[in-house]
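A lone chain, given as structure tokens: the form predicted alone.
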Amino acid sequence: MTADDGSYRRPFWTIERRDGVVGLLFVAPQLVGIVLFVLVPLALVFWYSLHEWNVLANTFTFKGAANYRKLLEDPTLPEVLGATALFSAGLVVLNLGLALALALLVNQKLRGIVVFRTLFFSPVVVSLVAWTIVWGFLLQANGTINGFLGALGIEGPNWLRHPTTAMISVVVVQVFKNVGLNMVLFLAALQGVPNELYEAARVDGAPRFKQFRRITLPLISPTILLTSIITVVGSLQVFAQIAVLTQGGPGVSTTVLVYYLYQQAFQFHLFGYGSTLAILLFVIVLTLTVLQWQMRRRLVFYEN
């Protein structure tokens, strides 16, 4: 385009700007969703944490940092955080370890292996509440598990009424529920490892364990990072299993942070303090996710 003085003037609607607008239109639904369902609720939760909201009395009083001071002085919170850490650690270790072992098993070229893959994955698609209720019956003092142990001459404990066995029970129930998802992710990663590397290792006389440590683990490390982040975040958000199986008991031995948040907000109607606990949960999840992501340069093969 030429101006009146004969100089060249670049048109406003260029190909680059058109492509930029098209790109923004494609990502606009996702951006709108993030703003409406992530950023706005997070801002509202922070605003509520500065108030005391009594729904029954229809009062909404500004309290400033009072709820945060209460958080620091809460005598129950250390036990809740301890139970949360114990549950998360047990779930992450058992889930990832069992998922990788199952993936190695079902990656073998054996007859009927597809049936085993289906069986291991099937709990993932089962309703969480239904799954937990069934396990609640199995873990009762006179339930199926103790009946089976009794047939072997072993007196089983009251699984859901002792602090140690209650925590073990909820961890195991959650592991069996979701281990199939991580198994499928690990299986996909294992099938992406080139066979030529194993063949070269066998020619050099490397034993199976060394092949696993030097070839398999480095090449599936991106999937290990992904599954660890997913599992850690999921472990910090567990609620239904606790609510159905133990209701946080006995005592507060299985009261994880999300269930404690629910108790404060919806049982005791302390919505301001519940919002403060939600902010604490957000900070913990964000911190752990950032730490795991920063560790990728040392642990993930493709980042080295």
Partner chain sequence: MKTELSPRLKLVLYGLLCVLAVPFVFPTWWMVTSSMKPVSDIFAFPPALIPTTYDFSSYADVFRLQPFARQYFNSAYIAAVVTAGTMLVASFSGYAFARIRFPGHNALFLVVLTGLLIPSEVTIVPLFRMFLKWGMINTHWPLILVPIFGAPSVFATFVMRQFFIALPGELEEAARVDGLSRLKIFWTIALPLARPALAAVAIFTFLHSWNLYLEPVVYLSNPSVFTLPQALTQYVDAYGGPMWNIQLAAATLTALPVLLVFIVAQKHFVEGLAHTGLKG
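Under this definition, the rigid core comprises the largest set of C-alpha atoms superposing within 1.5 Å between the forms. Numbering follows the first chain given and starts at 1. Everything numeric here is computed off the predicted structure, so don't read it as measured data.
Another form, the form predicted together with its partner chain, is not on view; read the next lines as being about it.
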| Each of G156, N158 and P218 near its partner chain in the model of the complex, meaning some heavy atom within 4.5 Å? | no
| message | So in the model of the complex, is its partner chain close enough to A65 to count as touching (4.5 Å, heavy atoms)? | response | no
| T223: heavy atom within 4.5 Å of its partner chain in the model of the complex? | yes
| message | Does any part of L42 reach within 4.5 Å of its partner chain in the model of the complex? Heavy atoms only, please. | response | yes
| query | So, in the model of the complex, is A57 in contact with its partner chain at a 4.5 angstroms heavy atom limit? | reply | no
| Quick one: which of 70 to 78, 139 to 147, 89 to 97, 163 to 171 gets within 4.5 Å of its partner chain in the model of the complex, going by heavy atoms? | 139 to 147
| query | Taking its partner chain in the model of the complex, which residues of 30 to 46 have any heavy atom within 4.5 Å of it? | reply | Q30, L31, G33, I34, L36, F37, V38, L39, P41, L42, L44, V45
| query | Taking the rigid core as the frame, does V27 move its C-alpha by 2 Å or more between the shown form and the other one? | reply | yes
